[in-house]
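Starting off, we have a lone chain in the form predicted on its own, written out as structure tokens.
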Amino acid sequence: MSWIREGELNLIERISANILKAGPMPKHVAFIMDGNRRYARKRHVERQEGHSQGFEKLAETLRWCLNLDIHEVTVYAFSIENFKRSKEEVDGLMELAKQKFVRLLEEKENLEKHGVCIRVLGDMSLLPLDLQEIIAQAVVATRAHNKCFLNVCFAYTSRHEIANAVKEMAWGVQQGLIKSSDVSDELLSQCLYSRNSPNPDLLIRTSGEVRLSDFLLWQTSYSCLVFQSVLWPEYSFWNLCEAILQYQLSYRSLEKARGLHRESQSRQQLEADCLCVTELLQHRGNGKPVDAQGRQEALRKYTASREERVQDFLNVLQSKRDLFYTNLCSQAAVA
């Protein structure tokens, strides 16, 4: 089954979609695709069949999202916690993932036609090497596409992601790329696996569970959270419309909270920069007073140098991550 399905909505779906699109629409939607195993039990089929049906539903949901002008989707495909399941089930999920990414590589022309960029967020080192190599080829092959984005969280938990971001910042300080005073919640956001994506506007979890299960904890602080009782393989276009409607009803309060958060971040950064400038002036001026204009100019220069320093550090991180995927592709080519 193709990752990107062709086809338009039917007449009733198109009418409903146009009505929805008259209001504020989420640009980025995240899914916790829960209920595959319960679906398998309900249908009296093997667990692997439930997971396979879950993938088919993802392909269908991506088509709906494209028709609704939702151009970024993030899905929770495999948690690090899932490694605790039976070896048979984990091996089956790894094999299913391998098959689907191989299939994706066979669809390069279709992905290029739609401009689909595939990103895999998670700790790749936890995966079998052959799967790492196939994933790397898919990521590199679609890296330049920029019309729509599919972020697959695989071997992922949010706590692991945040801990990794902290390690990245500590490494940057150790290497002299950034200063300890440059560390902030905004910089941490830029060090997450999801650094290239805006935070989700809407997060949807299926199966009736009302918890996030360590998914995008940092990124969804100001997102609309919708919990639906339907099992993932049974998800419908109308379930998606219902979730979007809930987002629209919450839109104003979400935007207000996001605005206040941005203001708070800016204020905290300004206070931090002012403190650093004060310390620098005291050190350089031997206690001599500096007038307001001098302080303002020193603050401007310090802010510019901090921003340049941080951007250079982020460029190094991006290069390091790009090289990781490139090396995996090279290994695959040699093999």
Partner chain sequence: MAPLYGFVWRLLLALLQLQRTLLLWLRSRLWRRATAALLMPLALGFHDHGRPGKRPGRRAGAPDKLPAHVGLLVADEEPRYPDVAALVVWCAAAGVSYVSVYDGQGSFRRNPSRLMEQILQQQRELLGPEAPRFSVELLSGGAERQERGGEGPSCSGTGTGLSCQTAVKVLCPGDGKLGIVEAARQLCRAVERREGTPEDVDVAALDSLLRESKNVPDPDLVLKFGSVQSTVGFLPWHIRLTEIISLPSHVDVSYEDFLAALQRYAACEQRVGK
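Residue numbers count along the first chain shown, from 1. Remember, predicted model here, so these are calculated numbers, not experimental data.
What comes next is about the form predicted together with the partner chain, which is not displayed.
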Tell me, yes or no, whether K87 is in contact with the partner chain in the model of the complex, where a contact means a heavy atom of each within 4.5 Å. no
Does E56 make contact with the partner chain in the model of the complex, using a 4.5 Å heavy atom cut-off? no
Is K108 near the partner chain? Define near as a heavy atom within 4.5 Å, in the model of the complex. no
Would you classify R37 as touching the partner chain in the model of the complex, given a 4.5 Å non-hydrogen atom cut-off? yes
Every residue in S52, L62 and E95 with a non-hydrogen atom within 4.5 Å of the partner chain in the model of the complex? no
The partner chain isn't shown here, but in the model of the complex which of S125, N196, S213, N146 has a heavy atom within 4.5 Å of it? S213
Please tell me which of C117, V73, V173, L131 lies within 4.5 Å of the partner chain in the model of the complex, judged by heavy atoms. V173
For the chain seen here without its partner, which of 95-103, 216-224, 134-142, 147-155 has a heavy atom within 4.5 Å of the partner chain in the model of the complex? 216-224
If you look in the model of the complex, which residues in 154-168 sit within 4.5 Å of the partner chain (heavy atoms)? R159, H160, I162, A163, V166, K167
